[in-house]
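The chain below stands alone, shown as structure tokens; this is the form predicted on its own.
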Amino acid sequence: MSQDIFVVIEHLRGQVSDTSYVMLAGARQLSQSTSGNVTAVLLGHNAQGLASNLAADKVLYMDHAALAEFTSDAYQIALAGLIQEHSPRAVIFGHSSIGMDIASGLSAKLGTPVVSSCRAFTTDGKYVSQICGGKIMAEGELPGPAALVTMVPGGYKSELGQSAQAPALTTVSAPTLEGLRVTLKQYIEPDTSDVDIAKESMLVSVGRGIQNKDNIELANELAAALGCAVSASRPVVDQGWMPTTRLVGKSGKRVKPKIYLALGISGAPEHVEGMGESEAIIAINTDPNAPIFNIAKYGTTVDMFDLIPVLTEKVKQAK
């Protein structure tokens, strides 16, 4: 049994996910307690170029046509063999539809325990996981001799998982990948006619506290004065007040603007997953105990309906 930490890299259509870099940063901290190496595991087809900026000690790359796109069948078969051969101390996956799909299947196949919703690792090798919808952080010993871990973003900056120097890459042979039950049929593209909030340098974001659809016009006026777009949390989109293209959070888009102005947003973990890496979070919420204040750089409990019109006017005057 080695003390190495494996990180299964998620990628889609030629792009490594931000979650993968977060996992590499977490693996680096965990490896300090195990004294093992950080090994990135990259599965794909003609995809070795994706390893160029991974902050890992080495990369195990498996190339096969059946791995060109993610399918649970192919990934589980490929990873089961690698894990059995190398016996790492831990294998980290993203807490995503891909990562949870693979980890659950491998746990059953290999009889290896899963630590779910891990946010960070302590200096002595313990895990810290979000439970009860993120309201409680649970700390525990990483089960042994090996463990599978699904990791949520927020505990580490994705930049810490990137490197300007390409790691050493070793190509490993793929197992027989035939008779697979699942294949990719097609990608269904999202609506691209709306603004891409992930590319905005500033966002005015509205939550349940906006109360009704008509009040969103206040946020629109402020955003127009600032020269930015309006985004939203899940309750606003579920009500049909804004389109899904404006949704920020675990089930929406992940954004990292320079300024994220949160209007009436409580700060649920699912929302924070999508905006927690913003450079400056400014929260406006009448509830002084709202979780959003735990991550905000600036905040106020002033009623937004009193503040927004004044703020909008001040911005206009400043311009």
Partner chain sequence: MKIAVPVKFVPDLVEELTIDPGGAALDTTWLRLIINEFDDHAVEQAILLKERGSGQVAVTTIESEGADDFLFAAAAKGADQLIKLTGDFSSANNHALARVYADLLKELQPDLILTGVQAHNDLDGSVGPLLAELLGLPYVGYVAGLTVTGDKVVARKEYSGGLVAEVEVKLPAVLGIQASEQPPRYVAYSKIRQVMGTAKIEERPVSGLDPSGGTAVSRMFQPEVAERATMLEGGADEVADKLVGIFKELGTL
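Numbering follows the first chain given and starts at 1. Fair warning: this is a prediction, and the values are worked out from it, not measured in the lab. The term rigid core refers to the most C-alpha atoms you can superpose between the two forms while keeping them within 1.5 Å.
If you look for the form predicted together with its partner chain, you will not find it shown, but the lines that follow are about it.
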Discussion item. I'd like to know whether V16 contacts its partner chain in the model of the complex, with contact meaning heavy atoms within 4.5 angstroms.
Written reply: no
Worksheet item: Is P175 close enough to its partner chain in the model of the complex to count, meaning some heavy atom within 4.5 Å?
Response: no
Worksheet item: Does E85 reach its partner chain in the model of the complex, with heavy atoms at most 4.5 Å apart?
Response: no
Worksheet item: Using heavy atoms and a 4.5 Å limit, would one call A296 a contact residue for its partner chain in the model of the complex?
Response: yes
Response to the item:
Of 50-58, 23-31, 276-284, 37-45, the segment with heavy atoms within 4.5 Å of its partner chain in the model of the complex is residues 276-284
Response to the item:
in the model of the complex, the residue from M202, L218, L160, L169 with a non-hydrogen atom within 4.5 Å of its partner chain is M202
Worksheet entry | its partner chain in the model of the complex - contacting residues of 93-109, heavy atom within 4.5 Å | H95, S96, S97, I98, M100, D101, S104, G105, S107, A108, K109
Practice prompt. Examine P309 after superposing the rigid core and state whether its CA is displaced by 2 Å or more between this form and the one not shown.
Written response: yes
Discussion item. Could you check, with the core superposed, whether the Cα atom of R246 shifts 2 Å or more between this form and the one not shown?
Written reply: yes
Worksheet item: Superposing on the rigid core, do we see a C-alpha displacement of 2 Å or more at N294 between this form and the one not shown?
Response: yes
Worksheet item: Hey, the CA atoms of T39 and K256 end up closer or farther in the model of the complex than in the shown form, with the change being 3 Å or more?
Response: farther
